[in-house]
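Below sits a lone chain in structure tokens, taken as the form predicted on its own.
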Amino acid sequence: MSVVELPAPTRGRPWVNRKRSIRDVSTPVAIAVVLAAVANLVTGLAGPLGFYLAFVIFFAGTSLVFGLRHDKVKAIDKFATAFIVVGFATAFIPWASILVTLVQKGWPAIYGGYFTNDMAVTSADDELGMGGLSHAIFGTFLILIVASIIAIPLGILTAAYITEIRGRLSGFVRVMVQSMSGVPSVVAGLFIYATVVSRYQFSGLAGALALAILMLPTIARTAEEVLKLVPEEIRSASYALGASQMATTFRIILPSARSGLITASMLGVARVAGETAPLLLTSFYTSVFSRHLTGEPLASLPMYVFQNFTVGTDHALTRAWGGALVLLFLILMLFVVARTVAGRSRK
């Protein structure tokens, strides 16, 4: 008796006609492109933004008209799909424009020694093949590390107190954290200036304290939402086995939410990595490489960008764009590392 082998089932949606779906999308897009080009020529809509505005209007209209050829439900579906696609593209265009502008204007400042030299013997208006931002990169990392050491444990402990301990002051602490998230960054800088800098002097430690104030509410609020996602059954099982509340919190709940807590920490770091106002009042700026957290000003990438923009010459502005480009990619690296670590901990 022969055995008939059946083909393995394939994943997908067999009820969807892919060729027809592509045709239903491509036809309104082509018509909208032609109509937008005509409107760009015969009306006041000019340039890429004018073309895009006309394309959005005509694409939504043609999608609705082609949907009405079938039925009302089909028309609503096509219009909603077009609206969502246009919304995504509209949100993506400014981000892509910022990235392209940073690369175009900042790339000429980057050369072989840009990441290993400082500005000790180079002025902002010198040729682009001189100087660098090694002092600013090291200062940024140093300030962020100290600020993270201060803010991340406090933020996670605050979230654990609100969600796990639920003491009498948990409501008050939640309100205070929410209020701190709305504090302008310059206010945090002014507070550290009045309490630390005015008594001592500009330093990297003062800048780290100001950034820690800004990091704390972001980490605490995000960590609170992450801890709420831990199933209640895990807590009940831990208590049923005789574990104390402290053991449950620190040995069961926090390790279970490790990936989310790492993401919350990186969000807090990225939130303050580009802040300039608090550093202007706390760590200030120096053009030489320094490893000292106290006793003298400490450079950072936001202050490097600010100082070069204040000079205003062509070479200085190019250096400022280069510093902004490096800062953007450093924040991108933080997110990549966070997602990688979070993915491994989740596995």
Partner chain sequence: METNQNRQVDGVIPATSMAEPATAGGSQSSTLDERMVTMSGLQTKGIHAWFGDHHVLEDVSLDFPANTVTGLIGPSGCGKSTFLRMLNRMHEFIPSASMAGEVFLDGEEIYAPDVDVAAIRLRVGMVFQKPNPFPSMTIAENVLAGTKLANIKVKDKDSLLEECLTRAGLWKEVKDRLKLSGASLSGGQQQRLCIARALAVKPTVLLMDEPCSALDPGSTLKIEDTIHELSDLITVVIVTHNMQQAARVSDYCAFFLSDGHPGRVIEADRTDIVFTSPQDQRTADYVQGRFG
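Positions refer to the first chain, counted from 1. Keep in mind it's a predicted model, so treat the numbers as computed, not measured.
Heads up, the form predicted in complex with its partner chain isn't pictured, but that's what we're talking about next.
Evaluate E233 for contact with its partner chain in the predicted bound form, applying a 4.5 angstroms cut-off between non-hydrogen atoms, and reply yes or no.
-> E233: contacts its partner chain in the predicted bound form.
Spell out, yes or no, whether the shortest heavy atom distance between S259 and its partner chain in the predicted bound form is within 4.5 Å.
-> Looking in the predicted bound form, residue contacts with its partner chain do not include S259, since no heavy atom lies within 4.5 Å.
Examine G242 and determine whether its closest non-hydrogen atom to its partner chain in the predicted bound form is within 4.5 angstroms.
-> Yes, G242 sits close enough to its partner chain in the predicted bound form that at least one of its heavy atoms falls within 4.5 Å.
Answer yes if any heavy atom of S238 is within 4.5 Å of a heavy atom of its partner chain in the predicted bound form; otherwise answer no.
-> S238 belongs to the contact set for its partner chain.
Among A247, R251 and P255, does every residue place a heavy atom within 4.5 Å of its partner chain in the predicted bound form?
-> Verified in the predicted bound form; spot residues all in contact, yes.
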